[in-house]
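Presented as structure tokens, the chain that follows is alone, the form predicted on its own.
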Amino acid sequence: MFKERCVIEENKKIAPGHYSIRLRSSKISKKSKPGQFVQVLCSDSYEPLLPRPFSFLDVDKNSFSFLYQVVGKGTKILSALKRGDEVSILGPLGQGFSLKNAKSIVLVGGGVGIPPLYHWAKECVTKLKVSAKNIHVFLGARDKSLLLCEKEFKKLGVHFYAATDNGSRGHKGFVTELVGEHLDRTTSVGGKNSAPDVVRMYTCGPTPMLKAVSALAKKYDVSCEVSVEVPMACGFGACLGCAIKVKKDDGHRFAIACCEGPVFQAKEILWD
């Protein structure tokens, strides 16, 4: 990981309360992987004191971007920064997504959990040479204005499905309802579940959605990687503030999400 003062190349509003920021850094961008994140110190003062974690949205040779929602003092300060300003960045951090042979890839995202899935989809199509027609993207939001990265996903040529709470775009209801219907169509052959050889799922978003996607993965016996959303104060395992409960033999243990994750196998996580 690297600690750098990065120059802002762009910081723009893309949806109500949501911004996309691009920062110049050849070191961080070259080492970043989909599913990893950076810790951002939003201010040079002592308030707010702690950095904020943000997953990569996109990277190129000399810069990277992430998407954030204004929810408190730190992100409000971040939203006011302009091109040419600098921020302190630590990264890349954590463990990202992995790819094994699969005939179909299913991505399920919601809210600010959508960006790392776009990063992963782009990586699969442009670098790992996965056919876009074999990638199915399911996004959920309260309203169509919050279906983040929709244009970017469609530009990749992947199959795109949307669900909104108010029915303003796509299916009216939970995105997991669409995912369940898709798995019904694609994982049963002659009444025998063949999903382990067919589908590989990836998900990031609000915890209730992650829990529901994990339940679907178990039901249809498909491999699923989950990028958890938990508070992270340091980003490298020192503060122990991002511990989550995971399986260990017949019991459980606590895994440190910022360094052992944030990506975990769905079957490892104990949601309750």
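These numbers were taken from a predicted model, which means no experiment stands behind them. One rule holds for the numbers: they count along the sequence shown, beginning at 1.
Beyond the structure shown, there is the form predicted together with a small molecule, which is absent from this document and is the topic of what follows.
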Problem set entry | Output flag, R52, L67 and V228 jointly within 4.5 Å of the small molecule in the predicted bound form, heavy atom basis | yes
For this session: Give a yes/no on whether T187 approaches the small molecule to within 4.5 Å in the predicted bound form, heavy atoms considered.
Result: no
Problem set entry | Any non-hydrogen atom of T176 within 4.5 angstroms of the small molecule in the predicted bound form | no
Exercise. Applying a 4.5 Å heavy atom distance criterion, does G170 contact the small molecule in the predicted bound form?
Worked result: no
Exercise. Quick one: does G96 come within 4.5 Å of the small molecule in the predicted bound form, counting heavy atoms only?
Worked result: no
Exercise. 22-30, 53-61, 208-216, 243-251: which one contacts the small molecule in the predicted bound form at 4.5 Å, heavy atom to heavy atom?
Worked result: 53-61
